[in-house]
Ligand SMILES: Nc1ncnc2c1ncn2[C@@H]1O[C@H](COP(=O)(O)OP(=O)(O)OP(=O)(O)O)[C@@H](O)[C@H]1O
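The chain that follows stands alone, in the form predicted alone, written as structure tokens.
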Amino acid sequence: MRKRTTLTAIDVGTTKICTIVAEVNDADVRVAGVGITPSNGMHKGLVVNINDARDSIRRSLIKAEQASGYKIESAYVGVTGRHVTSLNNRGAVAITRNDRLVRSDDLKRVLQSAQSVKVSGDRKVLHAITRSYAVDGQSGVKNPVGMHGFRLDVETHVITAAVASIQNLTKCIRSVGLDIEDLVLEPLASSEAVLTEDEKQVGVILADIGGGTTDISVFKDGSIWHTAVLPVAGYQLTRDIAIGLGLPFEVAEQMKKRHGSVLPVYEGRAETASLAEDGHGASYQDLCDILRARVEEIMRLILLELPRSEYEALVPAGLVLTGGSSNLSGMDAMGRDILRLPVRVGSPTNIYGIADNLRDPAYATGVGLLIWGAKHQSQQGWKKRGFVGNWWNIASRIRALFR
């Protein structure tokens, strides 16, 4: 049995900062403490005020430490924002040894070939995830080590991000005294928490509709196929309500959460029924009409992210919605009406401990970061992996020597 370890995940969102501490033993993730605070200094997944963002992260960190009894020294951190882009890239190498046997060194060579994408100086590779291998044209190979062949191919999903945006985020984390275990694209993390292996194999879309962004990941044949980030989410819903109904932003947010629905039901009330919140009034029908128009736009934008028109064949498992905004009443039904696909709302599962509040779509990213960390902690922590592997973890180890 592997020794129990402690992992920390920080979801630096537009509306909230969520820090989760968990004890991990093999595949068992047991939550030990949670710290949730309002987010300041963030907009659409990007740092816009380093001091405010740092203070929000520190408050969340302190709450998590007090709840868990652990001193947090490092964390897995989620990354999102419109600056994130992705592509699928292929690499190939020849097997030149006399026995034509594929060895682990050949995997390293072919992965290096696939990761050698041309990116501008202001961008860096965040993830290069292996999708599948092919040996002498035989595709769908998951582990080619030990097979015989003359040529080894690999397809990878390469995700790049803007250097400046990542540096601003890492600066906020460093300034509260934390090292970074890994930077993880948020839709990848969320998928770990809410998708099943069957859905990933058949083909599924995950849409994490948060406060500032809608993070999209498409899975096919058991691996990631496409990722994207849309700069429209819960913030735009609230802003539309505030402008359309002439309400302060905070009042509009409260009305959205308490009364909002994209498929309103008028049972027991007239269509012109009024809502009251902090001395402000609004029409229930107007509120729901505004929400429906914006959510319909988000659904269609999700659909446009699919590179193929025959999306029914690409993702027969349909759409899984998660993130705080997916708690709006009627989201799944409206998705089915627009997309003509199966749609469900996904919440984190398979977590234990003091995790009752985390079984909510709003915490899919935070829980997913923990699961990602649990799956990857057995790998060597200092091997190259995008930003973090190349320079961030090395710097962290050097700093540790002088503590």
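One rule holds for the numbers: they count along the sequence shown, beginning at 1. Since we're looking at a predicted model, the values are computed, not measured.
One more form of this protein exists, namely the form predicted in complex with the ligand; it is left out here, but the text below deals with it.
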#### Entry: Heavy atom within 4.5 Å of the ligand in the model of the complex - the one residue of 256, 157, 200, 294 that qualifies
256
### Query
So in the model of the complex, are 186, 328 and 362 all sitting within 4.5 Å of the ligand, heavy atoms only?
yes
### Message
Whether residue 78 contacts the ligand in the model of the complex should be assessed with a 4.5 Å heavy atom distance threshold; does it?
### Response
no
### Query
Could you tell me if residue 219 has a non-hydrogen atom within 4.5 Å of the ligand in the model of the complex?
no
### Query
Can you check whether residue 235 is within 4.5 Å of the ligand in the model of the complex, heavy atom basis?
yes
### Query
How about residue 213: is it within 4.5 Å of the ligand in the model of the complex, going by heavy atoms?
yes
### Message
Looking at 134-142, 160-168, 317-325, 102-110, which stretch has residues with any non-hydrogen atom within 4.5 Å of the ligand in the model of the complex?
### Response
317-325
